[in-house]
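Below sits a lone chain in structure tokens, taken as the form predicted alone.
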């Protein structure tokens, strides 16, 4: 009995100590993250424009948004862009991580070089790609003309198709190193004994990849895709710099739509766009977590 009481008191003391050390972090999270999120939810139920008194209107902002063709266009583009960008980043991320996990001369230098695009601020990266795609003196048209690929310059961002892939390629170049970094850490955590045993059993390169590497890398890959999916769903800066939402509003993302609402002093509608973006991100994250079977691993 005495030992049980000692253990209970010890556990209570551990909990109190943990709460004491976590309190500053929880306070910061509550002030700078939780309160703004709750405020955004709250504001989405109001008609909040700068030239009118703030008025509670319930779900009218949501009804207005869901009945707007601009919203559905932005949603379709955002989802299509997310699927294309994240899929390419996953494929290239796995390929480069496998390469950098091997031992060869210059591996350290290549690891540093491949991280440079990720280290560049997004707005600088977007401006760089804007110069590359530029119609008159851009690098892409310089190569196209001098290599004889096309008889005249190409307006890379003048069509919906061209603007879509111009944004996707710019994003893949910028953020694939982030995926590589996470996957490389996951690869280095796989015991080498597994590969040695598989070689003894006669498993080839591709069989080792599908039977050992991919299954053990799956949780790390899912985490990387969660981060990248959330970032892609709220992507704004690339669109703002490269296309401005054009041509014809075809490349407006949900975040860009929310930006336009806030820029037009419609704060309630802008908050509604933010809430819907958050809910979509949450739903997709839950799907990822279910696909990764994290709950089964924690049991």
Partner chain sequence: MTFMVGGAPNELAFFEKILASYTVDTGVPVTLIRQSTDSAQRKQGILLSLRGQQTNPDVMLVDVGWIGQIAASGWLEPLEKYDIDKNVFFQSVIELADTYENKLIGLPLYIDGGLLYYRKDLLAENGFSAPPSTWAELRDMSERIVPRQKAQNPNFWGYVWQGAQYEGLTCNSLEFFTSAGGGFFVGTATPVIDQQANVTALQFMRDLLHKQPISPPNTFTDMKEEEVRLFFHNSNALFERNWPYAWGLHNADDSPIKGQVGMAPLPGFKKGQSASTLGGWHIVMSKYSDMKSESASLIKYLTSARVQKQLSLKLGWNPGRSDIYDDAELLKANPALQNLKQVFKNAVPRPVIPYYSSVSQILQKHINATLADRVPAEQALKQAQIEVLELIKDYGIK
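In this text the structure is predicted, and so the values were computed from the model without any measurement. Residue numbers count along the first chain shown, from 1.
One more form of this protein, predicted together with the partner chain, exists but is not displayed; see below.
The shortest heavy atom separation between residue 146 and the partner chain in the predicted bound form exceeds 4.5 Å. At the 4.5 Å threshold, heavy atoms of residue 196 stay clear of the partner chain in the predicted bound form, well away from it. Mapping the unseen interface onto this chain, residue 265 counts among the residues with a heavy atom inside 4.5 Å of the partner chain in the predicted bound form. Proximity of residue 231 to the partner chain in the predicted bound form falls outside the 4.5 Å heavy atom cutoff. Proximity to the partner chain in the predicted bound form, defined as a heavy atom within 4.5 Å, holds among 58, 30, 39, 248 only for 248. This chain is displayed alone, yet in the predicted bound form one of 52, 26, 66, 34 has a heavy atom within 4.5 Å of the partner chain; that residue is 52. From the list 215-223, 154-162, 112-120, 188-196, the contact stretch for the partner chain in the predicted bound form under a 4.5 Å heavy atom rule is 154-162. Using a 4.5 Å cut-off on any heavy atom, the residues of 24-49 that reach the partner chain in the predicted bound form are, in sequence order, 47, 48, 49.
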